[in-house]
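Consider the single chain below, provided in structure tokens and representing the form predicted alone.
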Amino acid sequence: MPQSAEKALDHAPLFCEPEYRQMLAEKKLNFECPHPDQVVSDQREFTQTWEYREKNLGRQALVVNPAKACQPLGAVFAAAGFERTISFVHGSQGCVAYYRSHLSRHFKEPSSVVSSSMTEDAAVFGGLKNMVDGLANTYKLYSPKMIAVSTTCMAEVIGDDLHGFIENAKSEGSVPRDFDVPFAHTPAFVGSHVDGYDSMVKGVLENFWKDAARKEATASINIIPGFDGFCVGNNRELKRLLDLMQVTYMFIQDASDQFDTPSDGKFRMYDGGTSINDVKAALNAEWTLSLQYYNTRKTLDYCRDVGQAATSFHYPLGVEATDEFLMVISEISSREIPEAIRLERGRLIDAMADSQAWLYGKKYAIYGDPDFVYAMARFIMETGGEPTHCLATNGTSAWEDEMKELLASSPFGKNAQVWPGKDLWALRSLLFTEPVDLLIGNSYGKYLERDTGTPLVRLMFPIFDRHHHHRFPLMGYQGGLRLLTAILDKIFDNLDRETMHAGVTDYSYDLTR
């Protein structure tokens, strides 16, 4: 065998060794009941046709590889943005393992989440005992300042009442009567992770703001980032900009430190996050701003109900979107935008102009969360590119209308198409029948890249197969530079691959691009 103590191979080269190739071929032949190669080839070719595209886009009863996750994942991420807060998911262990692994694989950091470990008996008789015991264990073992409770499908199908269960748990002494246990019902069979995020943030605010007296602090601003796989880089970049403007602000739900802890010999189960005192004080803010509207619809309505002014953005990246964000901040706070920020804006525009010849006319397919797709399409049009396909599995008809209005505002959007509710298998048909130059999304797009040959730029949660992207911002002018560089690098890398064949294509294998 090729593997030995003296010659230890990684799995990628190991499975290419002759012994493993033979083993895998025999497995396929003897146990997978394979169709003849010609039948498989014919079917593959058929799935690339316009005829199959129409059938594919007409699907109603089946979803194949949706570009979204379920509500509890969003709730778990939301809880990670508050001081010494641990998520408690009322449901089965397997579901909770999925949330932990998704966050850990993306951020390359531990993600601590507790499960109430519901099994068959709880599914029949209810999960009250699981809640009582689970909250007691969580409080004693992990010493949190707050436990944020959400649900999985199992708890929602049988109708477990979180408020009643938590009150019963407090009555039985699982946690002190005055201990904060905000909650959100997050059924995984409807909505997506952005809805779970919204419900949990709203639940935390309700826990502290309900029945509290409000004393408005003029020109003070709450900022809710939304579900953002780039929160580490984005939140820090936005804080830097706001500090340069000397604005009075508060981030509600800030997971940037929790998912970027240092290696210094000390384990930090909790790090950073919005403090409980700051959450309480946030009631008094004059304004609440959401960086992602579709992540915070319920939360913004609640903020308005308590007397705050509220507005939202669609993931402010690129020139125009950052301009809008900073001008709103300036108007609310009565603070001028300093020259240092104006210079950053000019540098981004200069960089875009320097690379215009490589960006103009490029066609893109963009998929992901509604706010991200909106923002990315807007930025692509700023570069002279065409966002040919814009897809959000969790996009609504309202999002579709907003996208069409955005695309109609630029000549680069005139041929663009918007696909709310569609999945990545539908996007595969679109890429075969109406090809583009670049695909923008997350790690799941690598299978589309392999199938269709469309180069993938990873800019959306989750990114499992590349490391540390989340540590750098996408928002703001500095984030725009990073975004511009990522797109250009992919263009140039792809061009190098296409022109490196010596004596055949290397007439364009240029040292200078």
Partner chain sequence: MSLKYDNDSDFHAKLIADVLSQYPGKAAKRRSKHLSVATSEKDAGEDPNAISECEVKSNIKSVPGVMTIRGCAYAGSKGVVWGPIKDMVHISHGPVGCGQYSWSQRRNYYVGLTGIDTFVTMQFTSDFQEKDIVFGGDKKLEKVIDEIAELFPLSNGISLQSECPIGLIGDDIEAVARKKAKEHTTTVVPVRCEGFRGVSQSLGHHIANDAIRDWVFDKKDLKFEPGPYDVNVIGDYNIGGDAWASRILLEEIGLRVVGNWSGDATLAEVERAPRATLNLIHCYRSMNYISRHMEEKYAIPWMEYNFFGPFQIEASLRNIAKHFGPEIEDRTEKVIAKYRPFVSAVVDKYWPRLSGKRVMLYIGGLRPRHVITAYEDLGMEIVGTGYEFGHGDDYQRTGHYVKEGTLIYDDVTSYELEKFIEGIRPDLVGSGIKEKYPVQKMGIPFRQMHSWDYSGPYHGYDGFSIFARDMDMAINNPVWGLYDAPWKNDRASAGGSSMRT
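Each form is matched to the other, and the largest set of C-alpha atoms that superpose within 1.5 Å is called the rigid core. Quick caveat: nothing in here was measured; it's all calculated off a predicted structure. Residue numbers count along the first chain shown, from 1.
Not on display, but discussed next: the form predicted in complex with the partner chain.
This chain appears without its partner; in the predicted bound form, the one residue of Thr261, Ser333, Ser410, Asn284 with a heavy atom within 4.5 Å of the partner chain is Thr261. When you look in the predicted bound form, the only residue of Glu167, Asp121, Asp350, Glu324 with a non-hydrogen atom within 4.5 Å of the partner chain is Asp121.
Partner proximity in the predicted bound form, defined as non-hydrogen atoms within 4.5 angstroms of the partner chain, places exactly one of 400-408, 229-237, 149-157, 177-185 at the interface: 149-157. Though the partner is left out of this view, Arg100 does reach within 4.5 Å of the partner chain in the predicted bound form, counting heavy atoms only. Contact between Phe379 and the partner chain in the predicted bound form is not found at the 4.5 Å heavy atom cutoff. When contacts are judged by a 4.5 Å heavy atom cut-off, Asp493 does not count as touching the partner chain in the predicted bound form. Residue contact check for Tyr360: none of its heavy atoms lie within 4.5 Å of the partner chain in the predicted bound form. When contacts are defined as a non-hydrogen atom within 4.5 Å, none of Pro144, Tyr249 and Pro338 contacts the partner chain in the predicted bound form. Interface residues of 6-43, taken as those with a heavy atom within 4.5 Å of the partner chain in the predicted bound form (partner not displayed): Glu6, Ala8, Leu9, Asp10, His11, Leu14, Phe15, Glu19, Tyr20, Met23, Leu24, Lys27, Asn30, Phe31, Glu32, Cys33, His35, Val39, Val40, Gln43, in sequence order. Here Trp50 does not count as shifted, since its C-alpha moves by less than 2 Å between this form and the one not shown after the core is aligned. Core-superposed comparison between this form and the one not shown: the C-alpha position of Leu495 differs by less than 2 Å. With the core superposed, Val504 shows a C-alpha displacement below 2 Å between this form and the one not shown.
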